Each structure stands twice: as C-alpha cells, then as structure tokens.
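One chain follows as structure tokens, the form predicted alone.
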Amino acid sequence: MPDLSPDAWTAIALSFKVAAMATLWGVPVSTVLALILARGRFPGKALFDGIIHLPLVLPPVVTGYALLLLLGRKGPLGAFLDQHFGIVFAFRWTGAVVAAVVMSLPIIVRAIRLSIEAVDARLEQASGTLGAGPIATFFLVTLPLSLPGILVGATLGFAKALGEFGATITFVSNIPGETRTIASAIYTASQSPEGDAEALALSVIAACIGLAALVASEIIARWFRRTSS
C-alpha cells in the first residue's frame, strides 16, 4: 500500500464526514417514509413508492443534475434558501450530504419498511386499546421492534453514502478539500498516469469499508434473530 497524499487523506476524512451526516439525516426521514409505505393506505401509494426508489434506477448523474436544477443558486428552492437563509448547497460539502441522502434513501427505506411490516399489527392495535395514541404506539411498540431494520438500513446507507460518486460530482463538482470524496479522489487519481498507485490504494480502502458494512449488517440481522427467537 503506497503512501497516500494529503489530498487523499482529506478526501477519506471528508467521505466519512459526509456519510455520517447523510446517515444522521437519512435514517429519521427514511423511518417516516417507511412507516407511511408499510402502514399507510392512500391513493397513489404505488407512485409515491416509485418516486422514493427512483434514484435506484436512474443514472446517478441524472439525480445529481436534478438536484442542481432544484437546489442550485438559480434553482427555485436553492435561490429561496440562499436569499432568505444564506443556505447554499451547490458546490459545498453540505450539498454532497444532500446527494448522499437522496442516493442512500431507497436502501434505508427498504430495510426499515421490511422490518416494520414484520411487526405484528395486533401488537399495535393492542397498544391502541390500552389508550396509547398513534405516536405513542409508534415509539413504544413499532420503533423498538423495527430496530433491526433501522440498524441494518443505517449501516448499508452509510456504506452507500461513503461510495457515492455520480450524483455528488454532478451536483457539487470535485473541489479538493470541499467536495472531493474518496470516490471522486479515485476518479481524479485514475486520470493521471502517476496516480494509478493512489487510485488502487483508495479503491482497496473503499472496497474494505463497503465489505465491512455488508458484514456488519448481516451480523446485526443474525444477532437480532437469535435474541428474538
């Protein structure tokens, strides 16, 4: 493993920062969306489900371009946030967090939804008959029983956010120290003949992190299955 440049280490650190923030924001949002999909009954549910999972089938560049149109300085939402709150996402590391959230959301939602659907609805109904409202039932019954799916989803979402490239580079570009994550650092290094060794080293690091996340998610799932049996 060759010595990595300071820029490469910065990219690794930024990737962990972006992935952690994306997971922190993505898990609560995904939990709400998963609950709606698992327990909700409303017209257009299939379309709503499709929109949530659309980033899985769209080219990541398309997702990044859509974010740029929406949240760029001249986009309808981006211009509003910039003018009224001074919040800018385009070409900032916070924009990389937004892109990572959008790209990892379907994976997290899927894991949590399956976990919520596995919860016996009769337990939730029993909680209601004992006087608990929907919110109390969710926090006291549904959420604890869905914890395995939440943890697995968070782990896989973190790994997905850590390796996100297409949407990120389209939305926030590839700015060293600001938006250059480990994926874009690999791309940058691979464009130079002298950067092959660094690109390979970063690729190995990224593969190890991804594999560790997959193994961790499986261990978590097995542990909960053993404890609940």
Partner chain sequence: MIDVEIRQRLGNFRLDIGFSGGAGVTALFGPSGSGKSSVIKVIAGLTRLETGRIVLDGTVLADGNGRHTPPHRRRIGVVFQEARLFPHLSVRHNLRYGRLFTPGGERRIAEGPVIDTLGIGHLLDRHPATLSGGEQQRVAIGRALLASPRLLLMDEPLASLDAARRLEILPLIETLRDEFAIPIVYVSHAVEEVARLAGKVVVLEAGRVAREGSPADVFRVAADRFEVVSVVDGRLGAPDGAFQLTPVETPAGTIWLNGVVRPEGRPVRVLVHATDVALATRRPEGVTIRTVLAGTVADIPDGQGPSVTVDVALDGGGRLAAAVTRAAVADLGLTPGRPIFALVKSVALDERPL
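Everything numeric here is computed off the predicted structure, so don't read it as measured data. Numbering follows the first chain given and starts at 1.
If you look for the form predicted in complex with its partner chain, you will not find it shown, but the lines that follow are about it.
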Practice task
Run the contact test on T31, G40 and K45 with a 4.5 Å heavy atom cut-off to its partner chain in the model of the complex and return yes or no.
Solution key: no
Exercise for the section: Could you tell me which stretch in 135-143, 104-112, 72-80, 149-157 has residues with non-hydrogen atoms within 4.5 Å of its partner chain in the model of the complex? Expected result: 135-143
Exercise for the section: Answer yes if any heavy atom of A126 is within 4.5 Å of a heavy atom of its partner chain in the model of the complex; otherwise answer no. Expected result: yes
Handout entry: 4.5 Å heavy atom contact, G131 and its partner chain in the model of the complex
Key = yes
Problem - 4.5 Å heavy atom contact, H84 and its partner chain in the model of the complex - result: no
